[in-house]
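We've got the same protein chain twice here, in two forms, each standing alone as structure tokens: structure 1 and structure 2.
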Structure 1
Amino acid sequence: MTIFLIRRLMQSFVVLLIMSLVVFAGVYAIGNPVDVLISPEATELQREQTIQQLGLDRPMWEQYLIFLKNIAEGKLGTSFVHNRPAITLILERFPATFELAFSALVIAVFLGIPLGLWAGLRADSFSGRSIISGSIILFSMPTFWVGLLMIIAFAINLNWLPTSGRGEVGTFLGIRSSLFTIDGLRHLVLPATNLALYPLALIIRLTASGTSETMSLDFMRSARAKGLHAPRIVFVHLLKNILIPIVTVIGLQFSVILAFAVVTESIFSWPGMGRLIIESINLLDRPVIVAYILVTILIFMLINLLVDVLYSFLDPRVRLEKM
């Protein structure tokens, strides 16, 4: 375990270094933020002073070295627009995005695995075929379109749920979240459901296909021949053998949801990282853009590491030192 963790941390450091270079170079090339931040009526002197203040008068390589030095000191630059540390802005918005992504993943997992098991065990039945067909439809529907339909149906026509915002935030065990209030939960239902549709379809398809393949294997026939009860066959023998690919998808989808909940947050005016990055791109706020992308990369790496560790618990044949 120790050797594995050291090796993965070293790999992560190299990946972060390479991605920091790619991200910095890409963001550097998207335009001049001075054109957005300074009024067209500003004098040439004011323009030069602003450029020097932001450090944009230095060569690109020098800006990158300064950027790496700031990362080593735990800094990711100061927002051009808000004049605050970029990482602070990201972390302030992270709880809202996390609770939205977590709620979406809970919906996807607790609906996707049972529905996938049902579809896999009853593949030839009407209900099984309906579940698979429904998952294909969920794959095909654009997130922004479904979100707008949900707002029209449940918020405007039926007036059951609010259309936007995070709602009232409660505190439990020192944690502030909209999950702890009724108003917060009402605001969470539509965006979390909208964000859960794609991973839900993915988990259904993966669980159903894994169930169909595993049920035809010899050890499953032996379990049925021994007269084991159906719940034991499904939840002990079957589920244990199909969990590894499912855990992989769940981990990757959680990373994707956290990083790319931009569309859902924009549609439902959810005050998370997604809305912040859209605003920062529009204003060419480079430090916030770079900080967001690097934090996203770090999230991907940490979740992948956690998934690898879970492998060894789900399947004793997996040895971390060999991965």
Structure 2
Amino acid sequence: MTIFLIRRLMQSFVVLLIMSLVVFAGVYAIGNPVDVLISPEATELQREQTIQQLGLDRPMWEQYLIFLKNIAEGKLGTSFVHNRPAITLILERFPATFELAFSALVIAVFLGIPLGLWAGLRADSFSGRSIISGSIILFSMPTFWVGLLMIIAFAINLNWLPTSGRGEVGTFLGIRSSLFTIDGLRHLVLPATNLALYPLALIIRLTASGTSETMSLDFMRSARAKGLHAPRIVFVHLLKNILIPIVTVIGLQFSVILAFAVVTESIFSWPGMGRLIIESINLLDRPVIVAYILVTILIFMLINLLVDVLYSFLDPRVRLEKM
């Protein structure tokens, strides 16, 4: 286990190095880094200082080393627009994005698994088939458009829920989140549901197909022959066997949700990282873009690592050392 972790961490480190090289090349390929990284409105003195700090007057390879050193120290430049360190800007926004993605995942899992089980167990009934067709339709609906429809229906026509912002933020056990206030929850419902739709469809399909495949296996028949109650068969024997692929997909879906949060945040004006990056791209706030890219890559590699570790706990057949 330890060996596996060390090896995976080393791999992740190599990937980060490669990525930093790509991002570095990207920043330098677009144009003069002095224009890319220093605000056009900066004074001559500020220019000189930044050139010094980023080492833009040195040879290329040395600049890359300085770039790496700055990454390690968390110095990723200063936002042109907000005039604050890019990395602080991003880290400040991260809790909002995480809260949104987490809520979406919870919705998708707690709706998706029961619905999928139902559809798998009652595959021929009207309700079962409706659930499956519904999930196929969900697959074909672009998230952002459904988000617009939700705003039109629930916020504008029915006037039930607010359309934008994060609402009031409460503190509980030292964690600040919209989940702890009524107003915050009201703001969270629409974006979280919107973001949950795609993983919901996926989890429904996966659970349903796993259920109907597993139900026809021999051990399920013997469970029934032993006279076990239906709930025990479903929740112990069945669920244990179909959970592994579902958990893997949930883990991987979390990164997809985080990525697509960019879209949902923009529609619902949710003050997260995603909205920040879109604003920064439109305003050409490049230090923030570079910082965002590096931070997200780091986050995604951590998630991938966690999924692998979780997978090995759930399925003893997977020998991590061999991966």
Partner chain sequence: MADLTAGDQRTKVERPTSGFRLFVARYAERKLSVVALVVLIGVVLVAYVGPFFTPQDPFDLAQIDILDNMLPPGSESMTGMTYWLGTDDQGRDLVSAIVYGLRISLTVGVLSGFLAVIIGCVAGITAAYAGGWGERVIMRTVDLFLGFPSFLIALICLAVLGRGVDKVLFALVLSQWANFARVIRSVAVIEREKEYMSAAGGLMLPRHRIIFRHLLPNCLPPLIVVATVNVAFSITLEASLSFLGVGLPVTEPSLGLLIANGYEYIITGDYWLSVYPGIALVVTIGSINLVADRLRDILNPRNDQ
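Given the structure is predicted, the values throughout are model-derived calculations rather than measurements. Sequence positions of structure 1, starting at 1, serve as the residue numbers. We call the rigid core whatever largest set of C-alpha positions still superposes within 1.5 Å between the two forms.
A.B. asks: For this pair of chain forms, which number matches the form predicted alone?
C.D. replies: Of the two, structure 1 is the form predicted alone.
A.B. asks: 2 Å or more on the CA of His237 between structures 1 and 2, with the rigid core superposed, yes or no?
C.D. replies: It does not, since the His237 C-alpha is displaced less than 2 Å between structures 1 and 2 after the core fit.
A.B. asks: Superposing on the rigid core, is the Cα displacement of Val81 between structures 1 and 2 2 Å or more?
C.D. replies: Comparing forms between structures 1 and 2, the Val81 CA shifts at least 2 Å.
A.B. asks: Does Leu283 count as moved between structures 1 and 2, where moved means a C-alpha shift of 2 angstroms or more after fitting the rigid core?
C.D. replies: Shift at Leu283: 2 Å or more after core fit.
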